[in-house]
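Taking the form predicted on its own, here's one chain by itself in structure tokens.
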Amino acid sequence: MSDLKRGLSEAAFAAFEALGLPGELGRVTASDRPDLADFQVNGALPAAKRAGRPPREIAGQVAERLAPDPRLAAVEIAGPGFINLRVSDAALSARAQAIAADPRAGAERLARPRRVIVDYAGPNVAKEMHVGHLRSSIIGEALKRLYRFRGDEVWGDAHFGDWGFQMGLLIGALADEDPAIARAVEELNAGRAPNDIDSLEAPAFQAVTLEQVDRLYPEAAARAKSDEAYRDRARRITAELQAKRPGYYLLWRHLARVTRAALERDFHALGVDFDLWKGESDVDPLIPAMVGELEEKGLLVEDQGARIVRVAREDDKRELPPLIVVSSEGSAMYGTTDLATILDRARSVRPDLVIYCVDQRQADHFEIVFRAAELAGYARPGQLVHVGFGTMNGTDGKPFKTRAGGVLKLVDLIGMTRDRARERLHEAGLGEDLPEAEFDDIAGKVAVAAVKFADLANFRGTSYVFDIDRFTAFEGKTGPYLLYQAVRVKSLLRKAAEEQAEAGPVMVADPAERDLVLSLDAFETALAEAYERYAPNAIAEHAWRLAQAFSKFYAACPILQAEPAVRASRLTLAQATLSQLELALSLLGIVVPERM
């Protein structure tokens, strides 16, 4: 059984077509006046312009065809020609029963699933993740889960930044700071390059820590902006690293190892996981042949010592720079590895769609790379999509910083939020009788819910202010509030089981029951919107509305105290709510604890 909105839309489509009018005019939407109707059809007004007839006349003819539908209790004309639809209690009862019996809680599967790659997080080797990585990780994880749930075959790829100019900067900075590292690099580079460099170890590099390079990188990056010789040296090191010069390559490999350990820790704390842990370095072997192919196709041209692909079009409204494939120093650039990654994915996965979940400020970069990929024949138009997002800001409206003005590390943000979640639980008197380990586990879930819901409740294209006090509250539109509502349903169902009260057939009668079932019915619509617009906020909004509807139902409709048939019906509604709410939250990457 499809959701009520779609089923009624099909009926309205048919009614308009029977009048010789376009069926799409019968689109059914949720009513602007829930006190008057459940759904409405507004197509009579534009139909009147086409047909040259009064809109109320057309609306009346459509209503006449819809009125016999057994799903509808009332079909009324309002205003200049709006058609108001009120669903019957019997149809709502049947729909609620179907949702309760469905393991997917009323969600449908795609008729034509696709092969999809979601490229998100994008951490850099040799740097700890900071809050700038948060949105990409959270939004990308939600999209991966959503697309997989809808039926697509999905791969999540972390896509490390591990092979570009920043690596040359870091290697040079480490050698400058530590003479032992400088000697080891020099000795390895001076020796003959071994055939099996991957089997070598360099003891001198083992002392290098992520904290050390995390400190050095900002200093090196700042110096490179003003010191041309320093910048040129970093470029030469980058080129030699990409040529697998032993000293540079072995130091880079150690940096990759220690970074991976820290990344896995931070991602695990966020409930984020990947199917592919590939980086720029993984496609390096493809680059020489790719460059040759671009040259053969006449796409590669010389420009001031570099080799570029021009992607500008005659109809462009603004100037778009070319893709630099090989720098004047002979090294592959950021865009080069992105292009090679598209080629690698085309050969290994053959995706129908690749979603790049990256800061909106990278829009031009991806436009350039995508155009180059299409020119080279590595991708089709529309196959590569950049899903951009705004920034997470502090209360001053600027990108989130520490009190000292530095970039806040992601691990510190998670720890800070977990500490505040513990305080909030104590303030609310929740979990105080639980074992310490279980309390800490709940605090961790509350913290992740606070961070993720705060982000995903907004449309991804907008920026938002991170307010830890507001986001960790157990009231208002927050992740902790949703967890509390879900845990309350679990508690209710446990108590029902203790009293041997069983769920049974749904019999909708009370207005609060009607509202709850209509909220449950809206799940498929929310999923479809999130899927089509790459917008998890539609799911977050649905979860919020469902929790509110249940809260009103819980207050207005006694459950365990009701007479047996009504109690059984309302227990089924509670079970359906919990199932759908937990499912919606899981798509956002939020886990509901068993109790609080």
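Since the structure is predicted, the reported quantities are computational estimates derived from the model, not experimental observations. Just count from 1 along the sequence shown to find any residue number.
In what follows, reference is made to the form predicted together with the RNA, a form of this protein that is not presented.
J.: Please state whether all three residues 235, 317 and 430 have a non-hydrogen atom within 4.5 angstroms of the RNA in the predicted complex.
T.: Yes, all three are in contact.
J.: Do residue 69 and the RNA come within 4.5 Å of each other in the predicted complex, heavy atoms counted?
T.: Contact with the RNA, no.
J.: Report yes if any heavy atom of residue 568 sits within 4.5 Å of a heavy atom of the RNA in the predicted complex; otherwise report no.
T.: It does not: once the RNA is placed as it appears in the predicted complex, residue 568 has no heavy atom within 4.5 Å of it.
J.: Heavy atom to heavy atom, is residue 298 within 4.5 Å of the RNA in the predicted complex?
T.: No, residue 298 is distant from the partner.
J.: Report whether the minimum heavy atom distance between residue 476 and the RNA in the predicted complex is within 4.5 Å.
T.: Because a heavy atom of residue 476 falls inside 4.5 Å of the RNA in the predicted complex, the answer is yes.
J.: Could you tell me which of 165-173, 247-255, 283-291, 150-158 sits within 4.5 Å of the RNA in the predicted complex, going by non-hydrogen atoms?
T.: Contact-bearing stretch, as computed: 165-173.
J.: In the predicted complex, which of the listed residues (197, 269, 306, 101) lies with a heavy atom within 4.5 Å of the RNA?
T.: The residue from 197, 269, 306, 101 that makes the contact is 306.
J.: Select from the listed residues 362, 209, 189, 383 the one whose heavy atoms reach within 4.5 Å of the RNA in the predicted complex.
T.: The option sitting close enough to the partner is 362.
J.: Where, within 453-490, is there a heavy atom within 4.5 Å of the RNA in the predicted complex? Residue list please.
T.: 457, 458, 459, 462, 463, 464, 465, 470, 474, 475, 476, 477, 480, 481, 484, 485, 487, 488 sit within 4.5 Å of the partner.
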